[in-house]
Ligand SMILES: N[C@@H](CCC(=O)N[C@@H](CS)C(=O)NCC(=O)O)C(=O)O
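Heads up, the chain below is alone and in the form predicted alone; it's given as structure tokens.
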């Protein structure tokens, strides 16, 4: 199994899961220059990371990789069983994280970190919202998560799953951008999740 990875990107999330699962894998660390090379563009059609190659499977998109691994190794307990009612809420939070929670964080990053290369932030110049507007948007989308986590430690069946990796992996960026100052529940959750030893190993280099 190979994971194509670059530091401080979404590829930390599948690497985190691989570390949690204690699976053997080959880490292929890339730079910005590496992903622009023709050889890598044959691996990922948009020259982005991560990419996982597992026997006959080649898959990109960090959330998709994590979902794939959770189901591929379901006996390790990082995803609800296929016949569990909890599976519905598992899908809910996975999609909520990627389609609702991630968007205002990315917009805020575009606005506050203009030094990031535009090939990593391709919509930077399309952002016409103020910082205050984005933070208000972010606080609104945080509300359902905060309500869910007010009375439990984890999102699904009150145990650590792929959903926590995706959600807290996204919130980790918000934490670094100081977007969680009005969200004490999510700030505590993101801090607790990203202090797990497997995350710390995945985020090293």
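Quick caveat: nothing in here was measured; it's all calculated off a predicted structure. Numbering follows the first chain given and starts at 1.
Just so you know, the form predicted together with the named molecule exists too; it's not on screen, but the next bit is about it.
Contact with the named molecule in the predicted bound form, defined as a heavy atom within 4.5 Å, is made by none of 90, 104 and 142. Contact annotation: of the candidates 34, 61, 157, 54, the single residue with a non-hydrogen atom within 4.5 angstroms of the named molecule in the predicted bound form is 61. Taking the partner from elsewhere, residue 173 is found to have a heavy atom lying within 4.5 Å of the named molecule in the predicted bound form. In the predicted bound form, at least one heavy atom of residue 47 sits within 4.5 Å of a heavy atom of the named molecule. Among heavy atoms of residue 9, some come within 4.5 Å of the named molecule in the predicted bound form.
Across the options 175-183, 157-165, 143-151, 61-69, residues that bring heavy atoms within 4.5 Å of the named molecule in the predicted bound form belong to 61-69.
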